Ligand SMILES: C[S@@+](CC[C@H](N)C(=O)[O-])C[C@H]1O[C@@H](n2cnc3c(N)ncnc32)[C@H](O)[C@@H]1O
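Coming up is one lone chain in structure tokens, specifically the form predicted on its own.
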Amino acid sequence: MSCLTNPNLFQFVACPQCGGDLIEDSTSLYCNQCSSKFEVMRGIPLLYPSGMDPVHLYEEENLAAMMKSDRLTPKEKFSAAQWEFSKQEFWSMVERNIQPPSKAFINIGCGYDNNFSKIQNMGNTFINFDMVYKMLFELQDKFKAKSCVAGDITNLPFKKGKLDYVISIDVLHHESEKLTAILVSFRDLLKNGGILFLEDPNAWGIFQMAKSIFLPIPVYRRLRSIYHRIRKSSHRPADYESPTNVWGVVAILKKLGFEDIKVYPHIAYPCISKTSYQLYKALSTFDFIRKFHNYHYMISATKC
């Protein structure tokens, strides 16, 4: 009996150290090339590279815990509803662009997102990937996720050219200083003709570009940290996070050979008050505003 919840993962996973094939024994996986060994916990392989930053993992675990804490103020409740609506818009866009089963999907940095269920139940392979094991176990335990893998986005433990669809939601800004390398790794996972779906906080959002575009990044991060400490925010970003630039991401995708690159409009706008949202609604009568100046941007791009 396999130590993995889904033994079919072997056709997708690879050693994060060298890219070699993984072989299982009764309780773990090991690489047949470099002999690295990886723990399997409750059927979920922990494919962390040896050089992974433990501080980064600690920060991501803290962020995961904050996501589970209560939002009490009216503004926080309104923002939470906008986050949920934004996610619904994103997954609706994905569903409009995918082909019938059976296909292979991955959600990189999946968090607690259980929107995989509908696609998985259509007969597709859907891999949930995150750095934080606790999130993956919840998806497996509560939402019947069949394929979960823990690891580091900077050393993706997967074989190249095996996936039809790569999904990444609110992840790029966690690795904004390695943006091109991250997008290269996403491209490499896809088959020719495969599609990349991205959503991420937008540096050009109406209510954040004064900070994220016109302030130097170190100053922006420092002021943001001070602001959240003064407010004793229950949902503060990590110090290394920075919003990504929608036009910059599109330009990188073009350089990497992606085609049919599309930016989609958003109605939802998280992290603002109801009053500010009314202003956004007035401005967003223009499709350009909804696409390029929302809190989030949504992109699809095809690997050729």
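These numbers come from a predicted model, not from an experiment. We number the residues from 1 along the sequence you see.
Form predicted in complex with this ligand: not shown, discussed below.
Engineer: Please name which of the stretches 74-82, 203-211, 220-228, 125-133 has residues with heavy atoms lying within 4.5 Å of this ligand in the predicted bound form.
Structural biologist: Stretch 125-133 is the one.
Engineer: Give a yes/no on whether D113 approaches this ligand to within 4.5 Å in the predicted bound form, heavy atoms considered.
Structural biologist: Heavy-atom contact with this ligand at 4.5 Å: present for D113.
Engineer: Would M67 sit within 4.5 Å of this ligand in the predicted bound form, counting heavy atoms only?
Structural biologist: Looking in the predicted bound form, residue contacts with this ligand include M67, since a heavy atom lies within 4.5 Å.
Engineer: Is G194 part of the interface with this ligand in the predicted bound form - any heavy atom within 4.5 Å?
Structural biologist: No, G194 sits far enough from this ligand in the predicted bound form that none of its heavy atoms falls within 4.5 Å.
Engineer: Would H174 count as a contact of this ligand in the predicted bound form, using a 4.5 angstroms cut-off between non-hydrogen atoms?
Structural biologist: Heavy-atom contact with this ligand at 4.5 Å: present for H174.
Engineer: By the heavy atom within 4.5 Å rule, which residue out of I153, V94, L190, L139 makes contact with this ligand in the predicted bound form?
Structural biologist: Of the candidates I153, V94, L190, L139, I153 is the one lying within 4.5 Å of this ligand in the predicted bound form.
Engineer: Let me know the one among I169, L183, A104, A145 whose heavy atoms come within 4.5 Å of this ligand in the predicted bound form, would you?
Structural biologist: For this set of options, the contacting one is I169.
Engineer: For a quick check, can you give me the residues of 11-48 that have a heavy atom within 4.5 Å of this ligand in the predicted bound form?
Structural biologist: The stretch 11-48, when checked against this ligand in the predicted bound form, contributes no residue at the 4.5 Å heavy-atom cut-off.
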